[in-house]
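Shown here is one chain on its own, the form predicted on its own, set out as structure tokens.
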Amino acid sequence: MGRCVIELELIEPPEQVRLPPGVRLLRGFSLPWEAALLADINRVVAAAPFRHMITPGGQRMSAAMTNCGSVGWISDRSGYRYASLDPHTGQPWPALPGSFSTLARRAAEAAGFVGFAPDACLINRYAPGTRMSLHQDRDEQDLNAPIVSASLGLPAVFLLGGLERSARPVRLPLAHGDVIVWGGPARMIFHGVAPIVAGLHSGLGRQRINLTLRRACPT
């Protein structure tokens, strides 16, 4: 595959940045659901606490993670995969909150993906200095569905690469409430997060929370 060429075009209203086909950045899109999202995050974390997963190579992941939905993404010495039970509690993951599903569906529609019905949400917690290396989301059985990623709390720089790891990523600043959606021809792009800069968010304090909503199982 050739290198993915990135072009930016501002579109209003609402403010959006047009990226390669299949990628949309929706500025402030999740703010109408802010209170519900934060309350539901707290409920999920109370039942399935954040933890630092271990990679198959034995490295401790930088971001703390948890899940909700019918399945949850996990990593350990056995590999990356989805599981219906939380390995820490032995119980099913908390149900996917309605606020998460509504946000994901409406963001996907705004990005041109009608009918998106997520069944899993990976919740990442980033402390200052935490990062996420370039990777593809490829453990899902349904690669026809888009990915919806909502950013809350401290600002972040999203690294948007191409379809090959060697493609130089574009740096996209993300603020509290921003949502990025990718799917279709961009479904397998490499992406990551640059180290989080220290700061203080009025609602979430010294952290960034990221909701990554996916369709893990076939419809």
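From 1 onward, residues are counted along the sequence shown. What you are looking at is a predicted structure, and each value in this text was computed from that prediction instead of being measured.
Below: the form predicted in complex with a small molecule, not depicted.
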| item | value |
| --- | --- |
| Residue 147: touches the small molecule in the model of the complex, heavy atom cutoff 4.5 angstroms | yes |
| Contact test in the model of the complex: residue 86 vs the small molecule, heavy atoms, 4.5 Å | no |
| Distance check, residue 37 to the small molecule in the model of the complex, heavy atom within 4.5 Å | no |
| In the model of the complex, residue 135 touching the small molecule (heavy atom, 4.5 Å) | yes |
| Candidate site 50, 73 and 215: all three near the small molecule in the model of the complex by heavy atom within 4.5 Å | no |
| Interface segment, criterion being heavy atoms within 4.5 Å of the small molecule in the model of the complex, picked from 186-194, 40-48, 161-169, 27-35 | 186-194 |
| Option touching the small molecule, based on a heavy atom within 4.5 Å in the model of the complex, out of 100, 116, 126, 93 | 126 |
